[in-house]
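Read the single chain below, which is given as structure tokens and is the form predicted on its own.
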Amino acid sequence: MSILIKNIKGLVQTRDSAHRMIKGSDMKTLPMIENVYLLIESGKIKSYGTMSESPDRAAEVIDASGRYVLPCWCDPHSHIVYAGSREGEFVDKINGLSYEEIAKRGGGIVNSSKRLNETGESALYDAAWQRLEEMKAFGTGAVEIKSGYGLSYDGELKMLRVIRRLKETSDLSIRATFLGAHAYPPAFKEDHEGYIELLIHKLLPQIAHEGLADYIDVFCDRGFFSADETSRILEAGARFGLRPKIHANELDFSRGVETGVNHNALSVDHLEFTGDDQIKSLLASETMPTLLPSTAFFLGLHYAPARKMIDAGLPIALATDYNPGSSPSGNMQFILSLACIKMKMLPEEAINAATINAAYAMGVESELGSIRVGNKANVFITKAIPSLTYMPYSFANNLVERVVIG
């Protein structure tokens, strides 16, 4: 099948060659061609160019007059396989309880774990499917999904099998990450070594046997997994071919960034606590700093120092952290708005962070995140808007008119 999108006001993120990531001052540059067409054939980008060069016909023709076309957002950090919401904890936060205080009372990740272990695989799949469709409506075409609410042998495998089924049935590009080390379950509260042994010697071999994960993650932060514990788990994951993508420095300077870099992590995520030492470590690596501003927004945390990181020469990726406790939304457009309003990123920087750099943070930059001949044709068409800056500016509206996946 062929699709011709014509009269495009602006075709955004056009690249003649593959780019792994965009760093530092280069993030201010966002390639765009005006008054163009885009031709899609057999799910791939076939060609694009000025309207004077446009093909005459295709199986479907879309008139995009007054509209922009962008590569779909890539969301490289989400937790969308979960059972039930946690709006009760939302009220606790309003009443002044911190994330850690809620966790100590049996809320947070442990709350989600209890519910997940009581919920069947089909129900988990159905709920996650609805969240995927919601994310797609906001322009997302690729999603990384983590386990981590099972916190048990059966629960973690159940989550990863749900993610595998989503991979098989959704038209979005999906990557699966094993996050058994999300928290210590109550049964192992005083036996950290026992839980780590369960992860390393029982779960990882079974996950590898079934081919259930692409990456491995650890919540390396104060009150969760130490840097030394994180290293042990990541080393075990590497023996099964799982590259790290880790939670780091959300709650404190936890050595999570340095640990991730030492283990060649694809990304280190959160980074609300990032200073000169962490920036120096990242500059010497191929690890993508991935920021989750909606988590800081929802929990009332201070935001990661995106401006300082970019000015130092780092790349930045953005993600939603879609989960029931600290970021119950998969709206990447809102993430762009928060990046601009709260972290002082330019619109061009935010779009680079949500497309080409986010694709890198998922390991899919060779086929997604940019408009390039041969790439998978995951694109969206905006509504008629006056400029590209209008997208993060108009923070409360869904400005996506149509999504084309493949």
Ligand code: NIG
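Sequential numbering from 1, following the sequence displayed. Remember, predicted model here, so these are calculated numbers, not experimental data.
Another form, the form predicted in complex with the named molecule, is not on view; read the next lines as being about it.
When you look in the predicted complex, the only residue of Lys114, Arg86, Arg255, Lys158 with a non-hydrogen atom within 4.5 Å of the named molecule is Arg86. A heavy atom within 4.5 Å of the named molecule in the predicted complex is found for exactly one of Asn249, Ser267, Thr295, Thr230: Thr295. Using a 4.5 Å cutoff between non-hydrogen atoms, Phe225 does not count as a contact of the named molecule in the predicted complex. For Thr177, no non-hydrogen atom is located within 4.5 Å of the named molecule in the predicted complex, even though that partner is not displayed.
When the named molecule is considered in the predicted complex, Thr287 lies well away from it, no heavy atom lying within 4.5 Å. The closest heavy atom approach of Thr259 to the named molecule in the predicted complex falls outside 4.5 Å. Proximity of Lys6, Tyr37 and Thr382 to the named molecule in the predicted complex is absent: no residue of the three has a non-hydrogen atom within 4.5 angstroms. Stretch-level contact analysis of 126-134, 273-281, 78-86, 310-318 against the named molecule in the predicted complex, using heavy atoms and a 4.5 Å limit, identifies 78-86. Contact annotation for 160-196: a single residue, His182, has a non-hydrogen atom within 4.5 angstroms of the named molecule in the predicted complex.
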